[in-house]
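Consider the single chain below, provided in structure tokens and representing the form predicted on its own.
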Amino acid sequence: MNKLLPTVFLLSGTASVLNAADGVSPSPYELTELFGLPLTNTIVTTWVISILLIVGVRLSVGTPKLIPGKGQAVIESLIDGLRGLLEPIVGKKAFPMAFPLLIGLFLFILIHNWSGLIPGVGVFGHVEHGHLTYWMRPANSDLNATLGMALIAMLAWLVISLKIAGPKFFIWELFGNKADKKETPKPVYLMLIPIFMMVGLIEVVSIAFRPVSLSFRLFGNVFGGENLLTSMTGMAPYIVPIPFYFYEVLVGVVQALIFTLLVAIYIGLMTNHDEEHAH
């Protein structure tokens, strides 16, 4: 063990110097092909970390018991905490459908944000033309991964909104006249109809850009963190980068929460209304 640690630090420092020389690539490296499709280092990391997460949760929890063990208690505390945070946002009616999506997004994003801090990720690889092509890289540093998550989240938003609120309320929420018909003079009410329709068109455009904002925000923060750590470890690989590693731990939590809360808010805007408005 005493001999292994200096070796790991040496490999990390060497890799950082190689990467710092020409920066971190904004796109993943293609390692090989699988069934005619490119297999990149971010895909490999996604598979490895996801499998380890699933196996780790299953081993730590085991068979759920009435008196939970340590692993089960940790998972239950996480679920209860996220339930208390997300249920008031999405509403009680949408919560059973939305919660599996939201907790899945939070855990997936959090673990893969932190995966770049694991020893060996972004370190081991092969050198081509003086540049280190490393075999593993955080999944969320790949724009394809963050965009895919954002598209899945917005597709789920559409399904949950139509299922819980109903198509009629969904269309009214976008294009309907929000003025009170009983208290608004009829000429004014009629004049407001095209205004609200135009506002609805603007809202549709903003909805279309939600996957873009979600994906680029997450990708930009993770990719920026990669560059930060690479630069700092390239300049002083052994002591100076330690505070920045703790900083990236915090950034990983914050970005996972932001992504999850934004998706929850999008769902809640359509589903968390009084009973008389639904359907």
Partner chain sequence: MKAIFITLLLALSLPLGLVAADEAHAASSVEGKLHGVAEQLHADLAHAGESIHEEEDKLTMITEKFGVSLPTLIAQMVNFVLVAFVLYKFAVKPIAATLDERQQKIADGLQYAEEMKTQLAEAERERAEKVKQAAIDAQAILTEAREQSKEMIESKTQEAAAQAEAMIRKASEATELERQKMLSDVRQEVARLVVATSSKVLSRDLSDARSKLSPIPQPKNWLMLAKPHF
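Everything numeric in this text was worked out from a predicted model, so none of it was measured. Residue numbers count along the first chain shown, from 1.
Only in words, not in the display: the form predicted together with the partner chain, which the text now covers.
In the predicted complex, the partner chain sits within 4.5 Å of a heavy atom of residue 108.
Using a 4.5 angstroms limit between non-hydrogen atoms, residue 83 touches the partner chain in the predicted complex. None of the heavy atoms of residue 176 is located within 4.5 Å of the partner chain in the predicted complex.
The partner chain in the predicted complex comes within 4.5 Å of no heavy atom belonging to residue 34. Across the options 95 to 103, 189 to 197, 176 to 184, 157 to 165, residues that bring heavy atoms within 4.5 Å of the partner chain in the predicted complex belong to 95 to 103. Taken together, the three residues 171, 257 and 273 all stay farther than 4.5 Å from the partner chain in the predicted complex, as judged by their closest heavy atom. Heavy atoms closer than or equal to 4.5 Å to the partner chain in the predicted complex belong, across 63 to 89, to the residues 64, 65, 66, 68, 72, 75, 76, 79, 80, 83, ordered by sequence position.
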